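As structure tokens, one chain now follows by itself in the form predicted alone.
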């Protein structure tokens, strides 16, 4: 347990003894279904992924166990990194598109009616 001065880790890797790098469970603290389901979707689109899923340990705990199993010796940590980057790109695209439409709407509202 983290003391008062220590920061709790955001991400932990849990690997069974003797398991390869392609089969890892990641524990993401302070996260829920919002990240879990979105990230699972992005990672499952990768052809190197054999299995990807997540569980929430208990409703009163804000952490998820995120499991990735890969094919062909690809490290699960690399797949997680790629998935997070792709999800970030999608979120930025949605935000940019939304902001552009808001700006268009505001411009139409400022124009005098004919």
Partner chain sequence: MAATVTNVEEIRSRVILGEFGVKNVHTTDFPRNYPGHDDSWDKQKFKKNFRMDIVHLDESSIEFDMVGIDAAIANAFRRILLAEVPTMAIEKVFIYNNTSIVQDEVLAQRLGLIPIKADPRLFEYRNDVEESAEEEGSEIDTIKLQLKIKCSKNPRASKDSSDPQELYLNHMVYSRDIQWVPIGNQADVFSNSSIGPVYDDILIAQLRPGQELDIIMHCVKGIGKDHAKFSPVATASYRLLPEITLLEPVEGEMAERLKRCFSRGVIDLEDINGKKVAKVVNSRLDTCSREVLRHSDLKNLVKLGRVRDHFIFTVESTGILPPEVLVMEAIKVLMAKCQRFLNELDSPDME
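The shown structure was predicted, so the numbers you read here are calculated from the model rather than taken from an experiment. Numbering follows the first chain given and starts at 1.
We do not show the form predicted in complex with its partner chain, though everything after this point is about it.
Proximity of residue 61 to its partner chain in the predicted complex: non-hydrogen atoms within 4.5 Å are absent; the residue sits far from the partner. Within 4.5 Å of any heavy atom of its partner chain in the predicted complex lies no heavy atom of residue 20. Contact check for residue 41: a non-hydrogen atom falls within 4.5 Å of its partner chain in the predicted complex. Although the partner is absent from this view, residue 85 contacts its partner chain in the predicted complex, with a non-hydrogen atom inside 4.5 angstroms. Along 68 to 97, these residues reach a heavy atom to within 4.5 Å of its partner chain in the predicted complex: 71, 77, 80, 81, 84, 85, 86, 87, 88, 89, 90, 91, 92, 93, 94, 95, 97.
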